[in-house]
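Below you'll find only one chain, the form predicted alone, shown as structure tokens.
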């Protein structure tokens, strides 16, 4: 018997408009278990995205091969869904709307699209919401176990500065989350005690906080700054929370560089991520290229979706550029995991 995905049945469906909720609740346990996204677009077909890639149109009788047989999302569906996810007080979520998403209990995220209202050239708030994307939060415990041995400096009892590189939806956040958990708990780090971990979760994806409380397991010794810009968050962590390891996601802004330099000079280990597929690609990006040229990162991890999200392609020693692990050679590299 297949276990129903409780997170969807109990944590997402209550926030969907009744007609759409009824369609989702009719899905089989097998389909619910592999659901990654539920997309509502005004006057267009209801679409469900699968964890292994691909998508299906959804009709009142279930998945359908063509858009013709799909349920068309109505304006009242969007309005009712927005009322439910905002507890009938959408104005109270203007700061979240500016960021383009809301977080639900369980750490699930609702991405929004609509008319952007600008103030001094920056998005002040989103109005006239026309699209909603419910993204299912999935925690895969053990995702970091394969790489953790490569990231730990046993001689100095520290974690190497690490950059995780992958295309979108290829497992970066899942790996970051599990590494934070493992390092915080002390699990799998060669008999060493757990370390104090600070997560700067700018997009509320790593810890999946709801009203500031992590909804996902990020470890016993972990503190989270939710919805906080990376540069400011790193400095706040340094000043007040004495982390030994800082975890954050998707570097890319110029102001991030100085904060990272401060953390590194303070002896804090850094684990972060960036969009990309190859070393050459990220070297061309100004912020990342600068950090790589300074040999900040001691380990580079490359992921893909070739054999499903989170496929480990390569682990590279930063300064020397030597492959420590390569899937191309059956997992072999310059050396095996410690």
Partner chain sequence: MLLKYFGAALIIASTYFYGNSISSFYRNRVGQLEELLLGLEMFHTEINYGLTPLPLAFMNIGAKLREPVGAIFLGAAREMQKSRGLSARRCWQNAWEDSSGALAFSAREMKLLERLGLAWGKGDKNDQLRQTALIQELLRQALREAREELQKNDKMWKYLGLLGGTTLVIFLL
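Positions refer to the first chain, counted from 1. No experiment lies behind these values; they were computed from the predicted model shown.
The following text describes the form predicted in complex with its partner chain, which does not appear among the structures shown.
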Fill in the blank from the handout: Partner-free chain; cross-checking its partner chain in the predicted complex, the single residue of 263, 125, 257, 102 with a heavy atom within 4.5 Å is 125
Practice task
Sort through 217, 232, 94, 145 and report the residue having a heavy atom within 4.5 Å of its partner chain in the predicted complex.
Solution key: 94
Exercise for the section: Would you check, heavy atoms only and a 4.5 Å threshold, whether residue 135 touches its partner chain in the predicted complex? Expected result: no
Problem - Proximity of residue 153 to its partner chain in the predicted complex, heavy atoms at 4.5 Å - result: no
Exercise for the section: Using the partner position in the predicted complex, report whether residue 74 sits within 4.5 Å of its partner chain, counting heavy atoms only. Expected result: no
Practice task
Could you confirm whether residue 113 comes within 4.5 Å of its partner chain in the predicted complex, counting heavy atoms only?
Solution key: no
Handout entry: Location of its partner chain contact in the predicted complex, chosen stretch of 239-247, 85-93, 193-201, 165-173 [non-hydrogen atom, 4.5 Å]
Key = 85-93
Handout entry: Residues of stretch 17-45 in contact with its partner chain in the predicted complex (4.5 Å, non-hydrogen atom)
Key = 18, 21
